[in-house]
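Just the one chain here, laid out as structure tokens, in the form predicted on its own.
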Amino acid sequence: MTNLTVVELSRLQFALTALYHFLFVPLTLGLSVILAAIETVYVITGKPIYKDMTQFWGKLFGINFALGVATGLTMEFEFGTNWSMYSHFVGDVFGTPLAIEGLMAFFLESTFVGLMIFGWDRLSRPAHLAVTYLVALGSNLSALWILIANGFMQYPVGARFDPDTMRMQFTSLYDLIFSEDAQAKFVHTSIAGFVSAAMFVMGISAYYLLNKRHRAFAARSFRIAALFGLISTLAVITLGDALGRSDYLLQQTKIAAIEGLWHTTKPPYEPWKLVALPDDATQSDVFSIGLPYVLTPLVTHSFTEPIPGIIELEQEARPKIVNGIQAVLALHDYARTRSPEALAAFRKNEDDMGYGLLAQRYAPGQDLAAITKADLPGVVDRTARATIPNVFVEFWSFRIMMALGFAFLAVFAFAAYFSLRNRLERQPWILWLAMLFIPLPVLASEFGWIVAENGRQPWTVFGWLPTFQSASTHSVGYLLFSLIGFALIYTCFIAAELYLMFKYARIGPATGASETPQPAAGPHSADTSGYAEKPWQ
């Protein structure tokens, strides 16, 4: 019998380590691309200020990268230690993109990070630029393969369950890589990292401008970050809509929870809820305020297509649960007897097997064979209710993420406008906003992760493997000890990150960038140092 306390502690531990690790990931993804862009300008123009910019932001990238690696390595081991049943069930499929990520992306990225940071005096300009591009490529390839692995959990394609091995077996690497969910999530997540890095660069540059330090350096960095952030935020919002459309087609329970839809909609009037207080227990809203005629085109991209509600989705799950129970019982019979009849009975309801595994949680003694006719309606009712993720968490995580996204769009738009008009230092409020907003894109990414992972529940592999079936058989004491240990160690990592980032941000860039720019001495001496321009240009 599965110890549900162990399952919840395992989930909490993985959530903790993932949330800590994801504090570093967006900045790594975005800064690597910004570094490549700035160094490209340096190689083309030869202006030393762009070299100083690349070196300074590269130093902060290196700090973040090192701590990101330290927090990420343990997560892959957790699949084997805390989620051994999951690893057994999908290891052949899930392990492949993770192995490719390690061999192709992580080693590419790690190998060239050192050359990027320490190779300035050993490499030519074009060679060093190529190294920086390889670091950016490796960082984003790493995200690609990890999100391909996660995409399989969200939308399992490219594999089929084998009753002889009791495992998911590969059927198509192509389908796995080009999964609609994986590709949509990769683009959305990577560009969200660009937003985080842009706000980071813009906020620190704003600090220098407010303190009248490194003005030429800060003005250029601010402008590049503002424009990069504006374009990235527009892309995140647009691609977020595409990801939502994908979820609507592939994970209707997630969309119903995100929108707090208790009943199937009646297009086109159905309001999009701006704010609401969903009550999971009563499956109703305590209150809600919405915009009519918005939800249907927003989710379905039409004005006539209804969106299934939670109560109707539970009703749709009921026959799947009954069929799934029969599939699991037939599978157990086949495992004992290897009879063709048992295999045929399993194949008949194979696609609903996951619902039978989920029902095991609510069966007497977690034994499906012990379910009587009298027990069956209750087991089906509780299982159907369990197919819906936590609506309150999903509803508000999505809205916080979305509200932050539009706030970023406004901040970047004002920042780009005042920067392009050379009026930044006359608008201190936008500089203060840029500083205060530094951590918010990372927070938005964290809420996005919650939307994706909470919305998949109660499954580790959507529709096939329930979360409660996936955990290892550890003791509660072991998990509490390791959970506290991880929390303490990872908190130390965060403290180290903040200390080093604040330290080097206060020190600022190289000596040349800290000089107050002076007017050029003559027509032939203009910009010979790269600093002889106005600080806002």
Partner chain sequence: METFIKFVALALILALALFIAVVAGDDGPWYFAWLVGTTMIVLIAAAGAVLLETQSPSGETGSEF
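Just so it is clear, the structure is predicted and the values come from calculations on it, not from any experiment. Numbering follows the first chain given and starts at 1.
Not on display, but discussed next: the form predicted in complex with its partner chain.
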query: Interface residue in the predicted bound form among 250, 393, 242, 298, criterion: non-hydrogen atom within 4.5 angstroms of its partner chain; finding: 242
query: Residue (of 408, 355, 200, 194) lying close to its partner chain in the predicted bound form, criterion heavy atoms within 4.5 Å; finding: 194
query: Answer range among 258-266, 224-232, 456-464, 315-323 for contact with its partner chain, defined in the predicted bound form as heavy atoms within 4.5 Å; finding: 224-232
query: Non-hydrogen atom contact residue 491 with its partner chain in the predicted bound form at 4.5 angstroms; finding: no
query: Contact label in the predicted bound form: residue 215 to its partner chain, heavy atom within 4.5 Å; finding: yes
query: Touches its partner chain in the predicted bound form: residue 420 (any heavy atom, 4.5 Å); finding: yes
query: 4.5 Å heavy atom contact, residue 182 to its partner chain in the predicted bound form; finding: yes
query: 41, 144 and 219 all contacting its partner chain in the predicted bound form, non-hydrogen atom within 4.5 Å; finding: yes
query: Neighbours of its partner chain in the predicted bound form among 8-42 [non-hydrogen atom within 4.5 angstroms]; finding: 33, 37, 41
